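Take a look at this single chain, the form predicted alone, given in structure tokens.
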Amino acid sequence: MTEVKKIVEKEVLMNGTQAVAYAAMYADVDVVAAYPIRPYTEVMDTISKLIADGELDAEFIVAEGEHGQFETVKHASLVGARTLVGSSGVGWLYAMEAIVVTATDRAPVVAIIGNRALDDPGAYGVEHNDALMVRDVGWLLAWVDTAQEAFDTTLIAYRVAEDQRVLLPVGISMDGGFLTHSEQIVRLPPKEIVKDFLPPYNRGKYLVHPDNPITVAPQVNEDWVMEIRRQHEEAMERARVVISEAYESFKKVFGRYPGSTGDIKMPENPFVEPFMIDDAEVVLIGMGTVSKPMKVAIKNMRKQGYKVGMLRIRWFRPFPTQDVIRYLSNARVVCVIDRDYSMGSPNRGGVVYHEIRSSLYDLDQRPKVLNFIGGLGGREITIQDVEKIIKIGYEHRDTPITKPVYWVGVRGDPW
């Protein structure tokens, strides 16, 4: 059994972006690059205040735009600085060239992505397509659903990203508005014990320094690109083990499992959060704060006799394929709620829907999979919406799927 320390944590009221800023302060970041775009911006507001108040000693660089912002932290990371950066929506996409090479140059940058709809039309509300743009280029991606999980996952992100078995950037996604701006109680451990969990950043032989002449990002063409891509993919696979080790170490050092608070006890699985799933015939899937109406609806529907549960995806990259198979293989219907879209894709479904279907495809007996696209542009997914989704899932236990994808609550499109 894992030994658990008893420590005294202080409770502070803060939102998700402030929680990330405090975690970065606890991690003693060296370089922060900022450029404003809502809803992530309060991370940088909070960091600048921590520096001004003398609680954090770091270089705070205001870039001329998002591309320069991400170039700054990439280069800082390669010369051995622990870094924090972030953006939202089209700001994240404006930096895409720098974001891609941050991964291919193996710079363990930690970024917060305050999920926001992509323009046009203008919308500040949440969609997940911004962060999902990097799902295939070697970024580790986590989705958090509470401020506590945001704080804990940020500390874990530095430990995982900087592990020499990984050396990949981590994007911490949080729902714009629903988490970036909503205040919750967060438990902050004593800062002095963070060093027991998070070692200093050490790039070893990969440090860019005049005394260590190495080549980064050479022109290799067909001679070496295949080998480099394969090494990158193997690092992503090794991250599964490193993430599991980090969560266990977090529990030993801080005395609680990541994401847990005094009132919330998180299941001890880094990659997914199962909820009332053991006997569930219908299982809901989602990422981020949609888990809140899902849990309330599940409790309501269970009182009416519906055997329904939930599986929340905590880490999207690496994707928790084995956990998905483990928890869903006995379900009869899986209802995936996507806060994203993948236009022109098979069945015209969402991104998470396709990941789930692909994970289950090789099973001899697999559940039916339905997709519900909703909550785009920040529109709320209500408890009543989720209860309707559960009823649709139940109706398909013994009937073929004739309509695999539903859009939730769209005017003029009954569902």
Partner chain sequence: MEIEDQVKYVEITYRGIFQKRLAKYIAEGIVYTAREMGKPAVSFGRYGDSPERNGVPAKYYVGIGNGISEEDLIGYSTRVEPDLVDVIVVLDDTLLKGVESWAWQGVQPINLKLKPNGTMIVTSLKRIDELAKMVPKKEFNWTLGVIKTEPSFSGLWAFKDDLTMEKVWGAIAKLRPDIIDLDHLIKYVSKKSNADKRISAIKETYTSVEYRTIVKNEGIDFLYNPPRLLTWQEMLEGTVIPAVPRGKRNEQFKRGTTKFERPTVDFDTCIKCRLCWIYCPDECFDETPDGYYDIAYDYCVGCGICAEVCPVKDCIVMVDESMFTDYRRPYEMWKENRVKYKEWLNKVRQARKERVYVPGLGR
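Residue numbers count along the first chain shown, from 1. Computed from a predicted model, the values in this text were never measured in an experiment.
If you look for the form predicted together with its partner chain, you will not find it shown, but the lines that follow are about it.
- With the partner omitted from this view, the residue of 189, 293, 138, 320 that lies near its partner chain in the model of the complex is 293 [heavy atom within 4.5 Å].
- Taking a 4.5 Å heavy atom cutoff to its partner chain in the model of the complex, the contact residue among 77, 102, 289, 173 is 289.
- Across the options 228-236, 114-122, 162-170, 198-206, residues that bring heavy atoms within 4.5 Å of its partner chain in the model of the complex belong to 114-122.
- Although its partner chain is omitted here, in the model of the complex none of 63, 106 and 215 has a heavy atom within 4.5 Å of it.
- Taking non-hydrogen atoms only, residue 45 approaches its partner chain to within 4.5 angstroms in the model of the complex.
- Proximity of residue 378 to its partner chain in the model of the complex falls within the 4.5 Å heavy atom cutoff.
- Though the partner is left out of this view, residue 249 does not reach within 4.5 Å of its partner chain in the model of the complex, counting heavy atoms only.
- Of the heavy atoms in residue 12, some are within 4.5 Å of its partner chain in the model of the complex.
- Shown without its partner, the chain has 181, 182, 183, 184, 185, 187 in segment 179-202 as residues with a non-hydrogen atom within 4.5 angstroms of its partner chain in the model of the complex.
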